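Presented as structure tokens, the chain that follows is alone, the form predicted on its own.
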């Protein structure tokens, strides 16, 4: 392609088709001027893929390094270095964690986009040498009543959920935790964040790099096709839903191919036959080969004639950047090829040797006996980095509502709202108990009466009672008002979700979803989010081990800042886990910690359509005190639930539903307005149930709200503000999602 002699307009036209800017095209032009030749099409396509926002983080890398570098502790094994984070589990084992978004593909083809997001995150765990043991997903979806988009919102919602369900269920990997959030801001622009946890022996971890020169490169699994062409490119710009070419950018997933792929990969790793491994996700071979070689400071030679294809007459550049699914790339010593072939034959997996790592600076690619690619890996991987400017947006409203004339009606509205009501219609589509290692499930309580768990707990090892707790979610509405405080509250909620199970908070994974990075207000939200993650991680001596950034998410306007936080915890004995539902009548109910009181970014304020911007920061020192109370009194606590979506009233009702046990509480000791104490979702507050015999102990640790009983009664001083039978409130809570899923 003649980029050396073409006009600036033609250069920009080429750049636009590849999602590259004018300045980036000038860098490419200058490189090839020095080589005294024009690029081939495959070279230009490879550069565009490697330099895409999705692949190189050119808009976020500067700030990520500034704020999130080296947030490690003594339990960190690998963080921000390979395809997933690696954390110590016990003396012999590690667990591997990752979460990534698959937003643009899910907007174009909801089922396939979500399904391949699950398949890709599983392979990210697998390529570290770990057995995938649990799936997590956090979904941010539009108004189900919206029909004005390219696809109806209900079609997107059900397609996304079905894609996640079918891929995980067919692989037999439990989907154990996550979150579901609805808002009109996500109309036509769903956010699909897929996470996975794996377990491995410490000495079996594989790096995402070639080990030595002379190692051969083997491509195995699914065949390479035209699905997923320009996947990373279309995910690196504002999505044009009317562009039919975008459908070709969505990969086609096949879990039936991935299942034996997992077995074969783990078997090869157990036999110590793999020297390096990479999942073929975004960018396909172009990304995997380049990253594995450059990480080892090596070059190499690739022959595309040996790549097994599922589409005839594919062009070389299509083969190189295709993102077809269920493919893995390994490096190995050539002397072990016979043993590797035996394993692949056993599992009926196709493979081919496509190249070799070599002591040189260039990557060379051949096709039909012709060299079609010859670029230094230094140029290819020295990607653009932008320190994009940012500015704080102006807020014009500072109001707070304090005069709700019908509190009982508002309680019903909050409980039945899509962001508070039961997630059972979604959760029951996922198999969350397969493999028999899910100890605390996403729903807990009596059969057909279950309520929400704050975090799920899995038992990863057969001969150990130690477990891993996991939770995931975000507070987008508050982030749209104050990105620092919204992110901090998202982290606080995740931390509370872990400690109420009796687990020790351990590791953080972020999946950061934002709008256009060229918008200065969007970049302000992004930077403030990073500051909050840094401050929280350092304050609690936690570890940030993996992350993901997704930009260019918008419909008419940029989406709300949505920093999704996945957090894990360790529990030394899963038999001591605390669950959400009330256990006995005549127990005492205490509020530990404090309710923030702000209604900014709450379900209540959104339902009432009230613009609330008044917010005060929650006290992190107090959060640590809450942690200490739970830790030191774990054997005395019967149940626990954090105050979050829907506020204190939702917390109490959810605790009541799971075991058909009601409550009689008086909120008089909580010193703030009634609306604030009922519906504020922020702060360090946790509700616990304890036996009456421990009253003297807990009177010194929190506010006694009341006791458990047969029905539901809420008082504020001398007046009753809400009463209900458990059956009535349970029917309301359980009915919210059913008509949409």
Partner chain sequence: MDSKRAMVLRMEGTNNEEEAFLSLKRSGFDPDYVHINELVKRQKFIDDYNLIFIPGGFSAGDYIRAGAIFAARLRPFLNDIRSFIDSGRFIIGVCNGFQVLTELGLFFDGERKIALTVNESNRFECRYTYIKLSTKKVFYDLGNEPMQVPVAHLEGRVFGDENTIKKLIENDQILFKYVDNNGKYAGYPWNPNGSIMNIAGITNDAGNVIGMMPHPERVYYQFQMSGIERKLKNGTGERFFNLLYKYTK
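The structure displayed is predicted, hence computed values, not measured ones. Numbering follows the first chain given and starts at 1.
As for the form predicted together with the partner chain, it is not shown, yet the points below apply to it.
Listed stretches are 665-673, 351-359, 438-446, 86-94; the contact stretch with the partner chain in the model of the complex is 438-446, by a heavy atom cutoff of 4.5 Å. Although the partner is absent here, residue 146 lies well away from the partner chain in the model of the complex, with no heavy atom inside 4.5 Å. Residue contact check for residue 395: none of its heavy atoms lie within 4.5 Å of the partner chain in the model of the complex. Shown alone here, residue 459 lies within 4.5 Å of the partner chain in the model of the complex, counting heavy atoms only.
Residue contact with the partner chain in the model of the complex: residue 384 places no heavy atom within 4.5 Å of it.
Listed residues 466, 213, 434, 407 were compared with the partner chain in the model of the complex; 434 is the one with a heavy atom within 4.5 Å.
Contact with the partner chain in the model of the complex, defined as a heavy atom within 4.5 Å, holds for exactly one of 530, 229, 574, 302, namely 574. Applying a 4.5 Å heavy atom cutoff to the partner chain in the model of the complex picks out 165, 169, 170, 171, 172 from 161-197, in order along the sequence.
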